[in-house]
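We begin with a single chain expressed as structure tokens, specifically the form predicted on its own.
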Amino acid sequence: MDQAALHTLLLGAWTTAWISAVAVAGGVPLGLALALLREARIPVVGHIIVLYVSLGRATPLVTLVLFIFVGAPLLGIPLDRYTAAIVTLLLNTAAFNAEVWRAAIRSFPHEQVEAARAAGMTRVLIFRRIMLPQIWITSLPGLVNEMTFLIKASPAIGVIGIVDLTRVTNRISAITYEPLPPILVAAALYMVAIGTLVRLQRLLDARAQRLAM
């Protein structure tokens, strides 16, 4: 495999990386917001969130990206393919993240909340200073796992013409008739990305544990 092919693979890896990163940056806080709204037990809102999470987790990513890319313009919302890809991954990962956050919220010792209220702390202050640091530690492994799943599932965006790492790999394989070298390089790049996430999760977890002591 020549340098031009390697450069093309790296460009594809960059496309996968930045689209996934933007989706994660939006999907993590959106998942938290969904979990908090669901736990607030607002009747209509809670049912809508349950439906959204159920559909988001059950719908294949390829179907979702096609639905958003084709359906949004029909509703008067013009989306280019990159925006459609980001929105798809963001909505998908938010649905899974919502369940991770909700499990952490439910396992939180709410006696601490009652004690903080008795001390005169506001709800916002209680959440920011007491709840969030603890549910963040609890949720971190699950959130990182979802990030790795998102990266693995991201080739689905190629169906709308996004030239990501997997699509580039297929193109080079078809042109050179030597599929193994680009596949090996692509596999190594995916492993580096996922390994970096796992390492980051361990570092953040260790730091959080030190701060909690």
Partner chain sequence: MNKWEILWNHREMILGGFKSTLVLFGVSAIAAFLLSSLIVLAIRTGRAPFGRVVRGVVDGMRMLPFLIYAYLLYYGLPSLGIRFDAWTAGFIALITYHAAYFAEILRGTWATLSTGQAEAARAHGFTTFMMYRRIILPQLVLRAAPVLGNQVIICLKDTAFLSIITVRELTAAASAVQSQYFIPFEAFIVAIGLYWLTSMLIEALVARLGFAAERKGLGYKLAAVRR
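Positions refer to the first chain, counted from 1. Because the structure is predicted, anything quoted here is derived from the model rather than measured. So that the term is clear: the rigid core is the largest set of C-alpha atoms that superpose within 1.5 Å between two forms.
The same protein has a further form, the form predicted in complex with its partner chain, not shown here; the description that follows concerns it.
Proximity of I172 to its partner chain in the predicted bound form falls outside the 4.5 Å heavy atom cutoff. With a 4.5 Å cutoff on heavy atoms, P141 does not count as touching its partner chain in the predicted bound form; it lies far away.
Shown alone here, L203 lies farther than 4.5 Å from its partner chain in the predicted bound form, counting heavy atoms only. Residue contact with its partner chain in the predicted bound form: I48 places no heavy atom within 4.5 Å of it. The three marked residues, R57, I183 and M191, each reach its partner chain in the predicted bound form, with a heavy atom inside 4.5 Å. For the options V159, A33, V163, I42, the one in contact with its partner chain in the predicted bound form, meaning a heavy atom within 4.5 Å, is V159. With the core superposed, T166 shows a C-alpha displacement below 2 Å between the shown form and the other one. In this overlay on the rigid core, E178 has a C-alpha that sits 2 Å or more away from its partner position between the shown form and the other one. L9 shows a C-alpha shift below 2 Å between the shown form and the other one [criterion: core-superposed Cα displacement of 2 Å].
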